[in-house]
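Okay, here we've got a single chain as structure tokens, the form predicted on its own, with questions on binding and movement later.
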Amino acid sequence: MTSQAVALYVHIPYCLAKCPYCDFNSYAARVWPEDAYADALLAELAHATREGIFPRGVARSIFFGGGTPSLFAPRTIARLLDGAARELAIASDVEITLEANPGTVDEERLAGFVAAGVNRLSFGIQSFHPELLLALGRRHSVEDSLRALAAARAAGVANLSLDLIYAVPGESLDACTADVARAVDIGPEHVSAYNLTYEKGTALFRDLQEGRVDPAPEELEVAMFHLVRDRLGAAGYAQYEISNYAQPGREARHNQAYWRGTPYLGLGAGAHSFVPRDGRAVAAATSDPADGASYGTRWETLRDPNRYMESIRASGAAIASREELTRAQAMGEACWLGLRERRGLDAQQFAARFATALGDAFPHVDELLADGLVEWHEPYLRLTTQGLLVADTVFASFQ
């Protein structure tokens, strides 16, 4: 019998400074309880797998996110990966990603991460323009980025991902063009290119509300989106998700696990987990598949790192909230998550999981087709170029 594929996320919430646009669960710190936090991560993993909270499947991806995971020592990352191998089967071709900030790594440190088992690095470059880094509140310099990327290659990293942010206040189309060109010249295997968003609760959102920053005009933001897409596409980076581009075979397997409903376990303060249920199993267990049976369970851990560690020490778990998905929730989420990918939503898989056709569950799909926001590429329903520009509106229509 084939073991179930699972994904493992490890959240390391500590940063040297909090970026003004960041709404992730992260905390600025000069020192951090590295060993104690790693103890808690390993205890949480053991509790989740041994108590049957999470399936002991085959991990096809492991992702260290944050925060700034590259602040932790390679020995700690090695210890965490050893712990993962005790609790889960690890695929022979597992993708192990570590997020890193330029300025926090050198060749020796990166070589240590590789020796620990990391085979993919994701660098938060954001821009190659000093004034845009300043506007984003980034602590690293352009020179830091170039040194870090070169050091990663020298350390033997063959799978590099690079993050860019565009539509930064004051950014011109020429500056965006130059950032993309610089990224292409460096030649990472993967590029994530995000338009700047003003998330509630962030310092940048407060600056926007109080008139201290002027957002990029909508028409410029749209022009930048098309420029990024066209230039990366011409350089051999296929757009496989709204903001993600990859050379052939270098798509982020871990992110695909989220979009495709694979079970994922999030360890650490404020991490999220999800275990789906197959609609066919639900239908077999009840005469009415909409009668309140769960179509999956998701939960979030305590966000404060100190409270998280205290709870883990006390009970092995630190769950702050838990939710059982209804059939309606699961169907809606399957749609908008599937539409994030450029291949689109697999209508055949949807029908098999929920025992109903996509058009019967969501009749408004015909309107989206008529409006030119989605199109069929059998068996997938996918966003059109026009739909990509209003993706959040399309997604909301399935909620």
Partner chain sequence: MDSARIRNFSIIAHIDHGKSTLADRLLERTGLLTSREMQDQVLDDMELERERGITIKARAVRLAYRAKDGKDYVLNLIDTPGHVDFSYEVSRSLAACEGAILVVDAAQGVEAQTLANVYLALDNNLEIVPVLNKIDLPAAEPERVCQQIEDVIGLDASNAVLASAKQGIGIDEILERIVTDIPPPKGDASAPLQALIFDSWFDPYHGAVVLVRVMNGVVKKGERVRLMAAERDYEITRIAVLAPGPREVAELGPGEVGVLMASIKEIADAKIGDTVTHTQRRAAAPLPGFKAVKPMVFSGLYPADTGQYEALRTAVEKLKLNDSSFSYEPESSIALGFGFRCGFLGLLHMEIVRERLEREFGLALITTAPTVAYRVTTTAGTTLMVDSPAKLPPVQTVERIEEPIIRATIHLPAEYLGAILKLCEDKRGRQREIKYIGENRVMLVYELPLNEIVIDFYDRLKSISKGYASLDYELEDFVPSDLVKLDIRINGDVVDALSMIVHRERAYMRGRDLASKMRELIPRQMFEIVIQASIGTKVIARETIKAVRKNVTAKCYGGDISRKRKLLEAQKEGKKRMKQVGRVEIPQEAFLAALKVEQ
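Positions refer to the first chain, counted from 1. Because the structure is predicted, anything quoted here is derived from the model rather than measured.
From this point on, the text means the form predicted together with its partner chain, which you will not see here.
Of the listed positions (A203, I319, A115, V222), a single one reaches within 4.5 angstroms of its partner chain by any non-hydrogen atom in the predicted complex, namely V222. Just one of Q329, S315, S172, Q247 comes within 4.5 Å of its partner chain in the predicted complex, counting any heavy atom, and that one is Q329. Three-residue candidate spot D23, V390 and T393; every residue lies within 4.5 angstroms of its partner chain in the predicted complex by at least one non-hydrogen atom.
Residue contact with its partner chain in the predicted complex: H272 places a heavy atom within 4.5 Å of it.
Using a 4.5 angstroms limit between non-hydrogen atoms, F350 is distant from its partner chain in the predicted complex. Using a 4.5 angstroms threshold between heavy atoms, E341 stays clear of its partner chain in the predicted complex. In the predicted complex, at least one heavy atom of E218 sits within 4.5 Å of a heavy atom of its partner chain. Segments offered: 86-94, 207-215, 145-153, 239-247. Contacting its partner chain in the predicted complex at heavy atom distances within 4.5 Å is 239-247. Taking its partner chain as positioned in the predicted complex, the residues of 256-274 that bring a heavy atom within 4.5 Å of it are, in sequence order, Y258, W259, Y264, H272.
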